[in-house]
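Given next, in C-alpha cells, is a single chain: the form predicted on its own.
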Amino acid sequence: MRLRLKERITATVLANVYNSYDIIGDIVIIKTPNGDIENAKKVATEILKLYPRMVKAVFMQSSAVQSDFRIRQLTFLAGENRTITVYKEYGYLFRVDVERCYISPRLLFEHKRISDLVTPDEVVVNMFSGVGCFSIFIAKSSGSKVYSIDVNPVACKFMQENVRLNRVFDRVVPLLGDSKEIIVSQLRGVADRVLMPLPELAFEYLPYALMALKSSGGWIHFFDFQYAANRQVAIKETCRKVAMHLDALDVDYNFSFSRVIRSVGPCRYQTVLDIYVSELSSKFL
C-alpha cells in the first residue's frame, strides 16, 4: 500500500504516517507519530481512491491499546463513519467493533499455528479470547471443546455472534468475566491446553493457567512483551522470566517452542512461548 501511495502523495505528507497499519475487514487503521490529523486525512482519502472496493473506512489510532478490555481510541478520517466490520481469516468470519473490542490481524500466523497443534480429544481454555479468533480457529480445525473467556462484555457479545456465524456453538463456550475467577469457580483441572494471549497480564495470571490444567499436566501458550536489544535476546528474556516464575511455583516443565511474533516499537517485541507442564501438584487442583 505504501509504495502505491508514494506515487500519489508528497513525501512530506507520507512522512507523517507510520509504515505499519491494520486492515480489518473493510476498515483501515493508520498511525501517526505526532497526531497530525490533516495529513492523516489526506493519506486516508488516497487510500479510499486506491482501494474503493476493498476499503470503506479509514481511521487513525489516537491512543495505545489500554485497559483490561484491550481497546484503543480511533479518530475518523474518511469513508463510512462506522467501526463495525466483518474480518476474514482462512475462511473464518469474525464480526467485530474495532474500537470497542480487541482484534489483531498480526496474530494470523499464531491463530493457525496453535490451532494446528490441537488434537480432537483436547479441552482448551482461552483465558483472554476477545471476539473469539483463537477459540473458533481451534474448534473449527480440531473439533475440540473450547472455554472462551473475556472480561469485555462487548467483545463477549461479538464472540457469541461469531460462534453462531462459524457454526461452532456445540464446541465453543463463551464466558463473560475475569478468567481468574472463572477458572477458580468453574474450570479447575479441565484443560489439556491453555491460551494466554494477553501479554500485559500473563505473569499475574500464570498460576491460574496452571490451575486450569488437568492433574496430568498439559500445554500453556504464553504471550509476552519484552524490551530487548534484538529478537534473540527478547526470546531469551521471555524464557528466563517464565522459568523464574514456574520454578517459584515448583512446577515441572519444558519449553518446546518460542518465537518473536512482531516488533511493537523500538527494541520492543511480542513473543510467544509454548510450555509443556508435567503432572501438577495438589496445590493447583
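All figures in this text were calculated on a predicted structure; none of them were measured in a lab. Counting begins at 1, following the sequence as shown.
Omitted from view is the form predicted in complex with a small molecule, to which the following refers.
The partner is absent here, but in the predicted complex a heavy atom of Val151, alone among Met211, Val151, Val168, Ala78, sits within 4.5 Å of the small molecule. The listed set Tyr51, Phe255, Tyr227, Phe69 contains one residue whose heavy atoms approach the small molecule in the predicted complex to within 4.5 Å, identified as Phe69.
The candidate site formed by Val123, Ser144 and Ile275 is entirely out of contact with the small molecule in the predicted complex, as no residue has a non-hydrogen atom within 4.5 angstroms of it. Heavy atoms within 4.5 Å of the small molecule in the predicted complex map, among the stretches 186-194, 127-135, 114-122, 160-168, onto 127-135 alone. Mapping the unseen interface onto this chain, Val98 falls outside it, with no heavy atom inside 4.5 Å of the small molecule in the predicted complex. Contact between Tyr92 and the small molecule in the predicted complex is not found at the 4.5 Å heavy atom cutoff. Proximity of Gly177 to the small molecule in the predicted complex falls within the 4.5 Å heavy atom cutoff. Remark: Leu107 counts among the residues lining the small molecule in the predicted complex, judged by a heavy atom distance of 4.5 Å or less.
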